[in-house]
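Take a look at this one chain, the form predicted alone, written out in structure tokens.
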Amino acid sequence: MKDDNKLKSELQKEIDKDSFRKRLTRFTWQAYNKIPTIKEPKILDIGCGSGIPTIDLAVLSKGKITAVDIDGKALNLLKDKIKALYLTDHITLVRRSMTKLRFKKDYFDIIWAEGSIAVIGFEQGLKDWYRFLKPGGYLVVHDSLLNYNESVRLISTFNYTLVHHFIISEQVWYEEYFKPLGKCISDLQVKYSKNYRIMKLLEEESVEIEQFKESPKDFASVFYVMQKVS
């Protein structure tokens, strides 16, 4: 089992999905730029993972970011990035489940959640995170487009104003993420064609690509920029 886990870890490094995810960080910038300028904002990044948006938020805001995730391995990767980029004064890591967040009331200027709110549901996220935001603070959520109408309804229900939103189409996801990822995996399948164990692992890594091919419209997503009503 240890050998299999080590092999899988090494293969994931070779695939390096973060390198493809970085192709979409322009949308993080687009969303952030819809927020009025806040000098050195306090930002809570919920479900930060290995920190692709977190690093961009630090560069954009020059503020203080509390980055939260339950995945220790992902946080260790982010920790290395923070050190390499000399961002230790700007980013603090917290290993914790998003169902057990404990922060001061009305403390953060911005709460950021890219692809993480689905873990607890859009309604629960809006309700739970509201208390951590300062009056007039901003909540930015990147989520599936599938429940768009219901999500817009919930935003006003839980005392937020929808400041801005924009859609990332399935075509963009294909061109910027799934297509280059698929090319990478195909190249590795050629490289390791005689290694049965690696080929099986590459099949597992291809699952999300197959899911995309089966129902590409399910992968369209939307950024919501909301403001807490004072």
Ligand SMILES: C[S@@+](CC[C@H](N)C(=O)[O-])C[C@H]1O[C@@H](n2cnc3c(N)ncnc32)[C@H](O)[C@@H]1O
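Nothing here was measured: the structure is a model prediction, and the numbers come from that model. Just count from 1 along the sequence shown to find any residue number.
This protein has a second form, the form predicted together with the named molecule, left out of what is shown; the following refers to that one.
K.L.:
Under a 4.5 angstroms heavy atom criterion, identify the one residue in V119, V152, L77, L145 near the named molecule in the predicted bound form.
P.N.:
So the residue touching the named molecule in the predicted bound form, by this definition, is V119.
K.L.:
Looking in the predicted bound form, any heavy atom of C48 within 4.5 Å of the named molecule?
P.N.:
Looking in the predicted bound form, residue contacts with the named molecule include C48, since a heavy atom lies within 4.5 Å.
K.L.:
Hey, in the predicted bound form, is R96 touching the named molecule, heavy atoms inside 4.5 Å?
P.N.:
Close contact exists here: in the predicted bound form, R96 approaches the named molecule to within 4.5 Å, heavy atoms only.
K.L.:
Please tell me whether any heavy atom belonging to R23 falls inside 4.5 Å of a heavy atom of the named molecule, as the geometry stands in the predicted bound form.
P.N.:
So R23 does not count as contacting the named molecule.
K.L.:
Even though the partner isn't displayed, in the predicted bound form is G136 close enough to the named molecule, meaning a heavy atom within 4.5 Å?
P.N.:
G136: no contact with the named molecule in the predicted bound form.
K.L.:
Go through 155-163, 68-76, 102-110, 82-90 and give me the stretch that gets within 4.5 Å of the named molecule in the predicted bound form, heavy atoms only.
P.N.:
Among the candidates, contact is made by 68-76.
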